[in-house]
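Take a look at this single chain in structure tokens; it is the form predicted on its own.
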Amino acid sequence: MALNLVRTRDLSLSKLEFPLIAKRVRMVSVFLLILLLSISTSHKRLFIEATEHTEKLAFHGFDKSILASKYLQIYNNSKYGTLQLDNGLGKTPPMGWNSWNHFGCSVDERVIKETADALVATGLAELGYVYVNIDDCWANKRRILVFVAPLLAPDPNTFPSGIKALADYVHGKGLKLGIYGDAGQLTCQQRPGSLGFELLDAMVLASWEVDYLKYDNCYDMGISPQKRYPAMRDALNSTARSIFYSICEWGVDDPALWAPRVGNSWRTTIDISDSWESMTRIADINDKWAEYAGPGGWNDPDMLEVGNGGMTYQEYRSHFSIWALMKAPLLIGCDVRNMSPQTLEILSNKEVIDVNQDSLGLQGRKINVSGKDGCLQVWAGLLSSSAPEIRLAIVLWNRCSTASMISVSWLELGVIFDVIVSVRDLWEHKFLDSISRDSFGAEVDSHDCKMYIMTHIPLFHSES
């Protein structure tokens, strides 16, 4: 739906009408000149930059088809790519399921197989949820000796068929199998860790045809993560198998500063729990590192809690929207075999998923806060587009205790004297009928959000 800023009429003008029209034109011209001169120095600079084409900018490897130099000050990605690991994996954030948030240690091969079945049956696999990840407690409590080599082995009581057979089953569904390890002497649940056994364990995982490794941080023997995590990277790269490397260092040593050259994703926070307080706190921590993420390496604020019962529908919808906007890995943490219709509705919103999987890979971030303790928030991020159009994903997030109006000026979002083509509501699945020229906003319920994609064309843009 095109929303024109100026509407015209086909009129036959008499000679008497021409002087009046000319006078009006002069008045408008003077008004625009005064307006331009009144803009602050910083806004003038942004206005001038709006005429520049992004093709002239490096933009750190991102899609260069957008006209967006004015956005670089707002949606800065200057730290991305400086140390980026390039193993061909994680061009978009990984999507799938992980056992820990719902099952903890109560996981076995039956749960994994039934989860794979459910991902396919519900249509979630078709939407991109392809990783089926086993967390801690899958391993036998001791390594087994095979020709004097101490090898990892699955717990014979819970995974009697072995991991290779389970991988075959998951792959047969068109999905991928992930597994858990630890960069320490033991895992967090005291199963064998991989510290000192990296090459041996990587060879075993590759022989099982594992596709994803979550690598935890317990029992670290006092060795810094910058020394422990690269060893497994090198070991995985030495195998002939492509394995997504997920660093789970809990954000202790600011992994965004060093992990991009080591892994495909890195945890920026402590473990999430199924509560509003935990989810919002973790979102704020992860936002700090937005400049460092991009295709091939993602900030990881931990797995999704949607559907586990500790939050309301509105809170889960906010959780999913913000994780999608932040380009976080979308790893479902509930029992997908027994989801409510509301849970499936949230997790299967393709329009929101498309924001997360957008090829530009630019992490959305907090743009504006207002209200008590900053509880009324505007988050936004650039999306891929074809020139001259520019697309923005916008989330209006109400973290206050009552319904409130949340608004933001277009200027704060980087939109200056532009033609707004459309604004689409991603939860209502419809285009808005009218849009203000000065600002954007909506009434948002407590602990809920509204999410949009705004498409616009710079009024002054290069045609080259």
Ligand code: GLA
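Worth saying up front: this structure is predicted, and the values here are computed from it rather than measured. One-based numbering along the sequence shown.
Same protein, other form: the form predicted in complex with alpha-D-galactopyranose (GLA), not shown, and the subject of what follows.
Listed stretches are 120-128, 199-207, 135-143, 154-162; the contact stretch with alpha-D-galactopyranose (GLA) in the predicted bound form is 135-143, by a heavy atom cutoff of 4.5 Å.
For the residues Y180, Y316, W379, Y292, the 4.5 Å heavy atom test against alpha-D-galactopyranose (GLA) in the predicted bound form is passed only by Y180. The contact with alpha-D-galactopyranose (GLA) in the predicted bound form, taken as any heavy atom within 4.5 Å, belongs to K214 out of K327, R228, K214, H102.
Under a 4.5 angstroms non-hydrogen atom cutoff, alpha-D-galactopyranose (GLA) in the predicted bound form lacks I282 among its neighbouring residues. With a 4.5 Å cutoff on heavy atoms, I74 does not count as touching alpha-D-galactopyranose (GLA) in the predicted bound form; it lies far away. Put simply, W258 is far from alpha-D-galactopyranose (GLA) in the predicted bound form: not one heavy atom of it is within 4.5 Å. In the predicted bound form, D234 stays away from alpha-D-galactopyranose (GLA), with no heavy atom inside 4.5 Å. Proximity of D274, M311 and S401 to alpha-D-galactopyranose (GLA) in the predicted bound form is absent: no residue of the three has a non-hydrogen atom within 4.5 angstroms.
Residues C248, W250 of 238-252 are found to place at least one heavy atom within 4.5 Å of alpha-D-galactopyranose (GLA) in the predicted bound form.
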